[in-house]
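Listed next as structure tokens is one chain, alone, in the form predicted on its own.
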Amino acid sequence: MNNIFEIKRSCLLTTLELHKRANAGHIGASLSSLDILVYLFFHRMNKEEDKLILSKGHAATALYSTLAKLSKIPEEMLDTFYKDGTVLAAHPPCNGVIKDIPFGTGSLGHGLSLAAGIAFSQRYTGKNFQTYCIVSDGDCNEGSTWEAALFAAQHKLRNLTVIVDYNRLQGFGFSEEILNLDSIKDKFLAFGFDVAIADNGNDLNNLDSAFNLLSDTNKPRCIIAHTTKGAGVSFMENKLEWHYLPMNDDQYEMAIKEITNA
């Protein structure tokens, strides 16, 4: 993992640039999940067949930035983000034009069902791969998420790992006030998952330690990653407004300066 920290910084700068050029919101959600995406793509997903579903599709810029760093998306395609006719919309595309984005997502609660289906397909294809699904607090408000969790446990989908980007903020406020998810660890345990906690899901080493705590069992697996909305930009961190707001010029300059000097 020697160079992964510089990769993360580069992806962070690209993510902010995409939001600024497009004058688009959902910055906080993208920064919250960026470390998870970088860790998975650059360290955990070791096979070409491994799949990732970003259920919290409003964090699409973090996904695009990471895939571009991997040369899975041409750098010049990033220039089209949020423009008319682009395949890089505010949420991941659903037309299959990008091989590493299997499904369009963002209508919360759908992603884990899709990921469970992909993992289950291994029984019939004979292929050996891992499936990862990043879900949000908002995803975990939806009954379809828990239906998929029951399905995954029933079929012992050991090749499925759910990562909860648990930043405790969603579109209308703090999660504990909207629909309290605590103890989310106990919930996933009760639904038949092997569970580990990343106390700081915005720290790559902490994520790695959490993954290494997961057992090699016939259960599906879950990482509860305690993250921070807007992670990496101090004036955005843990602020509800950065679920929605675009940056003005001064804010963008402040954010870039903070990251480059860190």
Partner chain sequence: MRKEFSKTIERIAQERQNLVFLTGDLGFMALENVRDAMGKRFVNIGVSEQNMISMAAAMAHEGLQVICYSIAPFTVFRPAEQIRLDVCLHKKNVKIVGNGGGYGYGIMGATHHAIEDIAVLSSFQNMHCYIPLCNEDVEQTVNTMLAHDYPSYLRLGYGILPNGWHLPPFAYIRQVAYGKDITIAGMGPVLCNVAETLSGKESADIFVFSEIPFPELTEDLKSSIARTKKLLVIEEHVQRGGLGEHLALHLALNNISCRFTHRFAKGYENGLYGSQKYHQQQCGLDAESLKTLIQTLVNG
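Note that the structure is predicted; figures quoted are calculated from it, not measured. Positions refer to the first chain, counted from 1.
The next section is about a form of this same protein that is not shown, the form predicted together with its partner chain.
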Exercise for the section: Go through 188-196, 82-90, 174-182, 119-127 and give me the stretch that gets within 4.5 Å of its partner chain in the model of the complex, heavy atoms only. Expected result: 119-127
Handout entry: Close approach of S144 to its partner chain in the model of the complex, 4.5 Å, heavy atom
Key = yes
Exercise for the section: Find out whether any non-hydrogen atom of T161 is located within 4.5 angstroms of its partner chain in the model of the complex, and reply yes or no. Expected result: no
Problem - Any non-hydrogen atom of S71 within 4.5 angstroms of its partner chain in the model of the complex - result: no
Exercise for the section: Determine whether any heavy atom of V135 comes within 4.5 Å of a heavy atom of its partner chain in the model of the complex, and answer yes or no. Expected result: no
Practice task
Between 141-162 and its partner chain in the model of the complex, list the residues on our side with a heavy atom within 4.5 Å.
Solution key: S144, E147, A148, F151, H155
